[in-house]
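Okay, so we've got the same protein chain twice, two forms, each given alone as structure tokens, structure 1 and structure 2.
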Structure 1
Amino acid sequence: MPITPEHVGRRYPVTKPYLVSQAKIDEFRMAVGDRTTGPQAPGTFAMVIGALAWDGLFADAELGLGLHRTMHADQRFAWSRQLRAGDEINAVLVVDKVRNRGNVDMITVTVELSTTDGEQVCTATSTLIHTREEA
């Protein structure tokens, strides 16, 4: 069974809380060439946690998705603020949109990041182009 528009609205259980560490922020900063001097993580650090939420999507046997057959087509972030060391973050993934064309699926997913205290921090929306395995 491939992913179809019937899966729009499917929500995955909240991921295990992710504790943001200064060491991980520093490592990520170096990897993307960030030179800011404040305590905030770089904006795209949100995807480190977002990608953990993607694992639930790709582990959903009903959808038959393969990460190695997936291309990232576009990416959007909406931030209330940036992540900082000490933030404990929950991530929830929702399937927003699915279009099937031949053996190609266009899938839009949104990951909502919020603190375990309930403060909304970031919405990360991704469009993925997935090629189904030939039957």
Structure 2
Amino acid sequence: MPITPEHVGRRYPVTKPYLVSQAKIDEFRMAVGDRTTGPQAPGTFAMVIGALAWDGLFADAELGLGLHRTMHADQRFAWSRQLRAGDEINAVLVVDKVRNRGNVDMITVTVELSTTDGEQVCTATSTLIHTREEA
């Protein structure tokens, strides 16, 4: 059964804590050409952790999703504060919206990023375009 609007509201288990280290922030900055320095992570660093939450979505055999057939179409962030070195972050993914058109699925998911102490840090909303395999 492919993903359908009936899957809206599906919530996946919390990820293992991710320790935001200065080394990871610096590696990310270098990879994206960001020349800033300091303990605060660039905003898009949130997707390093958010992608870990996507694992549950793509591992859900009921949905029939394949990462190799998925395009990341849109990304938005709502911040309570920036991520910084020393944060231990958990992520939880929720399916917000599903539209099916032919063999194309348009899926909107939200990943909530919070510290292991429960402080909400960021909401990352992504729109994915998925093409189902032909029967």
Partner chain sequence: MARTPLTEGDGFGPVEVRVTRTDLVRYAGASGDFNPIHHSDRAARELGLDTPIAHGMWTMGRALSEVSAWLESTGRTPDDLAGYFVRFTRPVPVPDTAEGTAITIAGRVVTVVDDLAVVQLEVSLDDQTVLGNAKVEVRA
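Residue positions are counted from 1 along structure 1's sequence. Small disclaimer: the values here were computed from a predicted structure and weren't measured. Each form is matched to the other, and the largest set of C-alpha atoms that superpose within 1.5 Å is called the rigid core.
J.: Just one question: which structure is the form predicted alone?
T.: Between the two, the form predicted alone is shown as structure 2, not structure 1.
J.: Kindly check if the Cα atom of residue 102 is displaced 2 angstroms or more between structure 1 and structure 2 relative to the superposed rigid core.
T.: Moves: no, less than 2 Å.
J.: After superposing on the rigid core, how many Å does the CA of residue 37 move between structure 1 and structure 2?
T.: On core superposition, this C-alpha lies 3.6 Å from its counterpart.
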